[in-house]
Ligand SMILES: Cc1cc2nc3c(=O)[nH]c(=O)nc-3n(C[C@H](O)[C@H](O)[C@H](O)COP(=O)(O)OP(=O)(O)OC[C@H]3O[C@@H](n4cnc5c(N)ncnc54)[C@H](O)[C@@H]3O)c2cc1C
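In the block that follows, a single chain appears as structure tokens, in the form predicted on its own.
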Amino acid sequence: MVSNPSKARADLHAWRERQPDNFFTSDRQLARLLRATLGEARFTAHEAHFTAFGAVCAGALDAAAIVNNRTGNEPQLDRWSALGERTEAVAHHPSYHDCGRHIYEDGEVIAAYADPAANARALALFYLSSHAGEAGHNCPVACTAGVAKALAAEGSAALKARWLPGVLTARYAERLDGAQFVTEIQGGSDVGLNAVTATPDGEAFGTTRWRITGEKWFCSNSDADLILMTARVAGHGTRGLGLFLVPRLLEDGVVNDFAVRRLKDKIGTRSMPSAEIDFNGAVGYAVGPVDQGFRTLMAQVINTSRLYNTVGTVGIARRARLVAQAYAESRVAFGQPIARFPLVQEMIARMRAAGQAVLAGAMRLAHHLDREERGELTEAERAWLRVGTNLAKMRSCQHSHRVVLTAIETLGGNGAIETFSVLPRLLRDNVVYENWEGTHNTLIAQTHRDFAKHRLHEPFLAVLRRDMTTGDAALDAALKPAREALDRAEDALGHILTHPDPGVAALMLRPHAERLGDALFAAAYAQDLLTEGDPTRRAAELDVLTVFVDEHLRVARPDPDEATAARFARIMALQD
């Protein structure tokens, strides 16, 4: 056989052409989930916007994100003006602002919150933008959503009037974006060790004004217009923490009293500046009662960010699978496209299974969050939402990490090249996502506390069992190993939750927590498939659900055989 480099290069051009030019219209599952979540009327009202933004994300946004992440285009600290005035600013490459205009203006990802109970729609838009990775703005979007929710829920009328319109605008140049500064050098997950202090300084905007003093160690979106941050008002532990809104600029236009030490040199999310910042008596305004600051932080900010994190990672996972699948269909080796090899088909099938199950789970959580804001959830469903948000954040990151690694392997040596595809950047971004808003260990420890102290496992398992009974014989049969995993977890919890050492108990809980997260995803995917009106399509996606359940919820993954190979081949042929 005579080698033909020109043919190989043409195949690579074909690979690029095979990738979607619209991340929404190419995603049948997302449209199906939105129809079920929003209702047909609301879906129809927003369908044109989803379609337009899906094209932006696959085109202009993706191109700008690639440019912005190139070496030399990263954000740069720019603390002083040409006239020697303190600015504490960050200088960005023009492509950063291109990304921002696409996300905030074209996507209206934050403006969506002008409507009540808009989580499912806002997060679906965020999922589309996350196909481009963090893109410099997707972390700030999550933070800004937390600012909007905290202000709406706990801010004084005057605080809302002053800042919410800027937060919710769809005009990029006029927007007020948000950040959340909690971590200090002595405590990230252990927030009770926070030492930054707040001192009363009168009243303003219908609430108390405070002066904030101390060092925050990991401040992402460090040039944000509005900062939500914790500071100590009394005592020790989380009960002594207040939550404060700290504007970048004071009312006279002068920069607030803080100083940026330096920007962090991060492994991923490199287009978005993270910094170490000293607060030197900065002006802040209490958001809600100061003795309820940590509670407000968790309810309105951290839980919001954790759900955003889940959606962001599944956007990364789908993009990675699309890149890998198109490559497998285009790349010829040993006389045929590598997509014809069963080992490659297995890789694509497992990537698809993880991505679609997690997307179903994420959107089900978003739907229940909308229902909670409308006052529709039962007590058991609220417990499911609380526990599920934490388990989904942990498990989604683990799945997306494996998906991106598998996609890189599909591309072989090409997969490791930064300029060849988006995959290396997606992997680096995912590593950061895994450690934001609670590491895996932190989330398992919190789940253990929720189970041991509040007995939340009981209503959580009850709702999960309900969702695993679909009334469809084929779906219920596919979910049988998932129901058995729930039984094993419930049996184990009886011993785990009575163990005298909470550290050992959390260690014992880990494998069950991971399976409970996967069970949530599997149940949500089965509920999603119930709404699929095409019986042929439903049967095809039943293969996908089966792959996910077999890999993650059986006691032991079945050894592959001819039937397994046939299932992988069918999934390989499945169109998005």
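In this text, residue numbers run from 1 along the sequence as written. All figures in this text were calculated on a predicted structure; none of them were measured in a lab.
The protein also exists as the form predicted together with the ligand; that form is not presented, and the subsequent description refers to it.
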| Pick from Thr378, Thr199, Thr87, Asn441: which has a non-hydrogen atom within 4.5 Å of the ligand in the model of the complex? | Asn441
| Between the options Thr207, Gln300, Asn119, Ser220, which residue brings a heavy atom to within 4.5 Å of the ligand in the model of the complex? | Ser220
| task | Verify the contact flag for Thr389: yes if a non-hydrogen atom of it lies within 4.5 Å of a non-hydrogen atom of the ligand in the model of the complex, no if not. | result | no
| said: Taking the ligand as it sits in the model of the complex, is Lys266 in contact with it (heavy atom to heavy atom, 4.5 Å or less)? | reply: yes
| said: I'd like to check something about Thr183: if you look in the model of the complex, is any of its heavy atoms closer than or equal to 4.5 Å to a heavy atom of the ligand? | reply: yes
| said: Please tell me whether any heavy atom belonging to Gly187 falls inside 4.5 Å of a heavy atom of the ligand, as the geometry stands in the model of the complex. | reply: yes
| note | Here the chain appears without its partner; judged in the model of the complex, the stretch of 405-413, 459-467, 368-376, 433-441 with heavy atoms within 4.5 Å of the ligand is 433-441
| task | Would you give me the residues of 348-382 that have any heavy atom within 4.5 Å of the ligand in the model of the complex, in order from first to last? | result | none
